[in-house]
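As a starting point, one isolated chain is supplied in structure tokens, in the form predicted alone.
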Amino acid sequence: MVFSEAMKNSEIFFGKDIISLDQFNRKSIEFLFQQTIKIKKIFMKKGRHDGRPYRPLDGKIITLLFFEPSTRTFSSNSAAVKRLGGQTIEHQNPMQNSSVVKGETIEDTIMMIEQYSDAVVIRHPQVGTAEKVAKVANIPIINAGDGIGEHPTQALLDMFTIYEKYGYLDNIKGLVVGDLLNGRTVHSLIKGLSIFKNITLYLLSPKQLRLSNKDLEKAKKRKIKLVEIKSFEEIPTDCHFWYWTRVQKERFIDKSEYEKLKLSFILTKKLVDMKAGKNTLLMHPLPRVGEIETAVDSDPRAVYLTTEAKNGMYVRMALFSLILKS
């Protein structure tokens, strides 16, 4: 469902699923970001609002159902709920420690979990799973990554990080590097940024890991300018952000192919000094597995281990407070 322009701001998100960036329009993203800014300010002041603890999720329980490994997404969702006064039921690796082992379907699992929860955050290796379970659930479902499909909240936190830095998302120029074929964060980021005007993204990846022709055609229809480049020499020096991604080992059937491609493009301090602008954000959805030198970490433009990661918690706090607002 697309968030309607006609709805009042306070009703845009209430009770809704978050499955895809296709749901969003400019108004809903900008409203979410304003709420994120408010919540970030509150919690920079140690979680107090008007002199009182800010706990809009008091009495709420959110289930985190993660069929794939996660550090940041799992932890930031858990922290977001708890900082807002809610509680979590946490299932990591349900393929080994839940009734899925006994043959329970994902639909039955969700229908059971909703008896105990006010919302479910789900990560699953199969594209479309979040959408499938949302059809049978009577509580909000939040997609935390479905295979090579999408990861909408990651894109929202990345977009918020860019927005917070520059104060706008129109007329943005970015560089996206790595596994573009399998990168669900990349797919969502392209969708999200395409909502805004005059966006140009330079795409650098091994030939085998380029965006699919289908994705390129979709982007063309969205009127976002994608420019495929082949080397570091072609990187413009005026990008607002660089978005590095890892080559995703878990998506490869042939592991020898992965070994050949995994370090095709490494972000080095030398490259940053040569090609990045003085305000260029250096971003990565993490984890990194060798494609960013640790020497880059101390660069003031590098936000992947700091601001970008923490903004994930704040954006999710804003989403939870809007979706589950009492």
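We number the residues from 1 along the sequence you see. Since this is a predicted model, take the numbers as computed values, not measurements.
Below: the form predicted in complex with a small molecule, not depicted.
Exercise for the section: Heavy atoms, 4.5 Å, the small molecule in the predicted complex: which of 227 to 235, 95 to 103, 180 to 188, 129 to 137 makes the cut? Say which one. Expected result: One stretch meets the cut-off, namely 180 to 188.
Exercise for the section: Find the only residue in 286, 29, 42, 282 having a heavy atom within 4.5 Å of the small molecule in the predicted complex. Expected result: Contact residue from the list: 286.
Handout entry: Of 200, 161, 248, 109, the one that lies within 4.5 Å of the small molecule in the predicted complex (heavy atoms)
Key = Spelling it out, the residue with a heavy atom inside the cut-off is 248.
Practice task
Kindly indicate whether 60, 78 and 82 are, all three, within 4.5 angstroms of the small molecule in the predicted complex, using heavy atoms.
Solution key: The answer is no: none of the three residues contacts the partner (heavy atom, 4.5 Å cut-off).
Practice task
Please run the contact check for residue 173 against the small molecule in the predicted complex: heavy atoms, 4.5 angstroms, yes or no?
Solution key: Output for residue 173 is no: heavy atoms all beyond 4.5 Å of the small molecule.
Practice task
May I ask you to state whether residue 143 is within 4.5 Å of the small molecule in the predicted complex, using heavy atom distances?
Solution key: It does not: once the small molecule is placed as it appears in the predicted complex, residue 143 has no heavy atom within 4.5 Å of it.
Handout entry: Proximity of residue 124 to the small molecule in the predicted complex, heavy atoms at 4.5 Å
Key = No, residue 124 stays farther than 4.5 Å from the small molecule in the predicted complex.
Problem - Heavy atom of residue 72 within 4.5 Å of the small molecule in the predicted complex - result: It does: once the small molecule is placed as it appears in the predicted complex, residue 72 has a heavy atom within 4.5 Å of it.
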